[in-house]
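This document opens with one chain alone, in structure tokens, the form predicted on its own.
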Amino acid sequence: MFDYLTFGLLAQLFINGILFGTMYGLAAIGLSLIFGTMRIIFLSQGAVIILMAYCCYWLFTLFKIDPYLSIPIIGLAAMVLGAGIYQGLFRRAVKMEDKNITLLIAVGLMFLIENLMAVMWTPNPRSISTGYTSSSIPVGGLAISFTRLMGFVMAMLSTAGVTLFLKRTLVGKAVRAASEDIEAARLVGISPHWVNTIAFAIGIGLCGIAGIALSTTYPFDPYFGFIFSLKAMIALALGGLGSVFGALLGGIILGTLESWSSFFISGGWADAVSYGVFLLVLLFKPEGLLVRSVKKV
């Protein structure tokens, strides 16, 4: 049955899964930052990623700006948008004991963004076509998509940047302190709203980078964001909360699972396998596959 399998084919499937999974990982890192500091399940994450993809499409179509050259523009705009979303929608809600309010706000924002995109760009799928869109790089008999490879590089650089920010800067250490114990952080003079604004800005800034990577690789439409949010949550569950690298690795694991299940079973089973793994992780290892369990005495 598997006579057709070769090492090259298996390696190609593995590489394709890794390259696509990095986009899930990017979204999961932003989701981890937002949840870690504010305990908000930000289901609008995927919708914001698609919004940034449309912004990239607009800059390319109207102003002929190459998608990768638009990274500083879209990244900065996404960070400003993230700070505005927190200050305008979540600042008062995070102080409430009922965290369901923040979830409802996130869902409402998701529907709002989706409908605004449908009105502005129509529900028809859009894509960015450049001279390198369909090109690939031959490496050892394997064909590596240029746009997927660029997405991988962007994800690695973003992960390294966020990690260095959190570990080597005073602001980043304040974000980490607030995520671990907000009351203790407040006692040493750290402003929760200031920290939350920064975390939200960085989380949405990563949406901008993920949106560029997505727009150059796949066609997209206004309603694709919800699926992307779910996949980011699965990646976060696989990697575990509190680890930037774990969130990225969780996305890579998810992308690899989808790549292999699409080939060995069928494309329609990829999502089913993803959600099944999600449920199993929540049932048997809710802290995440990449987090060591702490035994209770």
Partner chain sequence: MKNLKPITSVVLATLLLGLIPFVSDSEKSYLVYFLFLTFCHIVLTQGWNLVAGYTGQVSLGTHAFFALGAYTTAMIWRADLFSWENYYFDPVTMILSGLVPVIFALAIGIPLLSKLHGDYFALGTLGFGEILKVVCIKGGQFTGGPIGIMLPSSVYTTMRPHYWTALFLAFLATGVVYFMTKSRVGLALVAISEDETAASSSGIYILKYKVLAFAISAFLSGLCGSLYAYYLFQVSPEGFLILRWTLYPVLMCVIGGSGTVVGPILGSLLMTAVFTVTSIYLPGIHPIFSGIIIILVMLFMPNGIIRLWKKGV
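The shown structure was predicted, so the numbers you read here are calculated from the model rather than taken from an experiment. Positions refer to the first chain, counted from 1.
The same protein has a further form, the form predicted together with its partner chain, not shown here; the description that follows concerns it.
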With a cut-off of 4.5 Å between heavy atoms, is L112 one of the residues that contacts its partner chain in the predicted complex?
yes
I'd like to check something about G88: if you look in the predicted complex, is any of its heavy atoms closer than or equal to 4.5 Å to a heavy atom of its partner chain?
yes
Determine whether any heavy atom of G161 comes within 4.5 Å of a heavy atom of its partner chain in the predicted complex, and answer yes or no.
no
Quick one: does F226 come within 4.5 Å of its partner chain in the predicted complex, counting heavy atoms only?
yes
Name the stretch: of 116 to 124, 72 to 80, 151 to 159, 202 to 210, exactly one has residues whose heavy atoms fall within 4.5 Å of its partner chain in the predicted complex.
116 to 124
Taking its partner chain in the predicted complex as the reference, which of W269, Y68, W58, F245 has a non-hydrogen atom within 4.5 Å?
W269
Note that its partner chain is not shown here; using its position in the predicted complex, name the residues of 37 to 74 with a heavy atom within 4.5 Å of it, in sequence order.
R39, I41
